[in-house]
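In structure tokens, the next block holds one chain alone, the form predicted alone.
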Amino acid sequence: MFSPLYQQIKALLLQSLDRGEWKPGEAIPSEFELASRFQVSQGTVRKAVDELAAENLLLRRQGKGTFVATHSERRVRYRFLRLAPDNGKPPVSTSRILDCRHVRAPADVAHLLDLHPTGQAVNLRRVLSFNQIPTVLDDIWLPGSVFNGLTAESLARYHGPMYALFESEFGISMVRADEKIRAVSAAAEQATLLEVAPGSPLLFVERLSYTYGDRPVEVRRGAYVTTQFHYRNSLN
């Protein structure tokens, strides 16, 4: 099937990002250099780069160039966290790791992550608090072969965004995600960890995150307290 030239260049740029030719936070070559490399016009390169920037895979900085998006960058850091405070004031967030285990992946997780039925996974649980109020209980599953060195201790030592740790330590960039959302009642353990009454309403969000090449690399199931928050999304 025919693909426009700029889409072909976009695919080649994605391959370079996937191979790690340019690391998160690093500048990519100029449009002139890329046009010379691919033997196309700068306009064609610009259109490809514009699409990648619109998809938050690249960041343009006026007068400085174009950089690989990183979850260490504030404007990218909260792109996957759609929970917003009702009062509009950015809260102070803290993360408490409850557990981090290397175990055989349950069948449903193995299916979502394209793992062998007996494949190993990393399962970590954490409570994310906003302004010291427990707000999100996350149950996270990762491919064991990719995140082999991930431990509760390494997570506890790291004070930045979790996705930034995945970038810097494991070379995995989360570039897009699909989510399913439904309302649930807090089970006993959820209620205890989130400091709410059993049966309280929670928002349950299941996220499947992908890296380059549409490879699934994370299943995240989160229970959200929305007493002072709402789930925000922008539809284009």
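What you are looking at is a predicted structure, and each value in this text was computed from that prediction instead of being measured. The first residue of the sequence shown is number 1, and the count goes up from there.
Same protein, other form: the form predicted in complex with the DNA, not shown, and the subject of what follows.
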property	result
Residue stretch of 190-198, 40-48, 204-212, 171-179 approaching the DNA in the model of the complex, non-hydrogen atom distance within 4.5 Å	40-48
In the model of the complex, Y6 touching the DNA (heavy atom, 4.5 Å)	yes
Touches the DNA in the model of the complex: T66 (any heavy atom, 4.5 Å)	yes
Contact label in the model of the complex: S30 to the DNA, heavy atom within 4.5 Å	yes
